[in-house]
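Okay, here we've got a single chain as structure tokens, the form predicted alone, with questions on binding and movement later.
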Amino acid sequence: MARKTASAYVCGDCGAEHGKWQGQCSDCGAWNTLSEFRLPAAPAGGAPRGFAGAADGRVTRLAEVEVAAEPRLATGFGELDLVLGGGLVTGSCVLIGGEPGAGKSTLLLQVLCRLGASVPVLYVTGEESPQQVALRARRLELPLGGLEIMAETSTETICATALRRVPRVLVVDSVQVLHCDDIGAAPGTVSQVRESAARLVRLAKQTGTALLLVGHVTKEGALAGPKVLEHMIDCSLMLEASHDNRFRTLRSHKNRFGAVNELGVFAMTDRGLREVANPSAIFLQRGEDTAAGSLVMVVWEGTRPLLVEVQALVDASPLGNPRRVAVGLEGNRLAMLLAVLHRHGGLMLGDQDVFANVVGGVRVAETGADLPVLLAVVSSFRDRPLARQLVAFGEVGLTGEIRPVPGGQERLREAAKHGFTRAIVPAGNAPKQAPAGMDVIGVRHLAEALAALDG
């Protein structure tokens, strides 16, 4: 009699295993996230699965482990190297996600074509044919001599080929179309993505190959597949693009070898993606006329400052519950800042609709944007334009105090480099000697910042 294949049910959000299907994961509380995962047959003799005949692992004292500083492999794109933390690390696994058409495959094809001239590389395409990839590469006028390509979706075949050819860099496009022959599930399911990614990551660690995986995103903007996939990899990047913008932003959400929330900016052209060495110049393309509600702020992205414009619009609301809309900012934080402005700034906006937008499609999550957002709101409410050469940054507390933020000196130097002559900053970030040609005003309270606007 044939032995029945054992199976478990894996949560797509947290990766927890359950013996039977249930509507809610008992570990993370998510609903309808469990998918069937076929387990290998148990060994004869009733021994626990995975332990029968297993040899003892090698245990080493941490002090005895030899550490050699290995140079990183530059990709040829300064912005990509910046987001990665200095380049590709030997044996690392990088997951690049993004919406369809964002440019994930184009960026990786450009990287491999450049690296192929100096190191062995392999491009595995599971969604396109080699002819389609070659047509795109010729259209982009890329060097094709050193790039090896393979159209395959079997994880076993990809691993066997990589073991035989030992590429320095391996790209798999994409992880959602891979399948393992010994798993009875369709490609793209939790079990297939989980096992395929685990085998590829193990291959990268054993051979020292830098692995780049392409991942799709859901309609909510999160990476598709099991949440455990993000735990397996070393670096998670997200390539974002707005529908009406030719610029692409590459942001790191996880990086074991560099800073998180690092931001790289690219421009999509007819010759592929081109890196933007000075992103601040792009986001500062303002109109000739100075309008109320517009202000330039200096935010900190990863390891460098970035100048972006924030706009605010305050208008009388015809609704009983005025709207609070934030684009590129956190909506709850905008509501909190408006309450602080009422309590400690003396401005009542309870009957006004307030809209706030970060120009250029950049998403700002740091608290250094608090003060410029409030100053832009006040400017729109009073209908008084702010000076074009004014910048601001600083965190606003619930008691109305202006708190310092990291990287104050670097922010001021970046603003001075772009020609700004006046800055409103927290008193804790005010330097003893301001940059040449810049008037720095240090404030400790929101009332002082509002008074500085009139000064």
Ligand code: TYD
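Each residue number is its position in the shown sequence, starting from 1. Computed from a prediction, not measured in an experiment: that's the story for all the values here.
The form predicted together with the ligand is left out here; the points below concern that form.
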Check: Pick from 105, 280, 125, 176: which has a non-hydrogen atom within 4.5 Å of the ligand in the predicted complex?
Finding: 105
Next item on the list: Could you tell me which one of 254, 382, 304, 136 places a heavy atom within 4.5 Å of the ligand in the predicted complex?
Entry: 136
Check: 147 to 155, 351 to 359, 92 to 100, 330 to 338: which one contacts the ligand in the predicted complex at 4.5 Å, heavy atom to heavy atom?
Finding: 92 to 100
Note to self: Can you tell me whether residue 231 touches the ligand? I mean in the predicted complex, with a 4.5 angstroms heavy atom cut-off.
What the structure shows: no
Notebook entry, point to check: Does residue 116 make contact with the ligand in the predicted complex, using a 4.5 Å heavy atom cut-off?
Noted result: no
Next item on the list: Indicate whether the ligand has at least one heavy atom within 4.5 Å of a heavy atom of residue 289 in the predicted complex.
Entry: no
Notebook entry, point to check: Is there a heavy atom of residue 164 no more than 4.5 Å from a heavy atom of the ligand in the predicted complex?
Noted result: no
Margin query: Using a 4.5 Å heavy atom cutoff, which residues in 252 to 280 contact the ligand in the predicted complex? It's fine if the answer is none.
Written below: 268, 269, 270, 271, 272
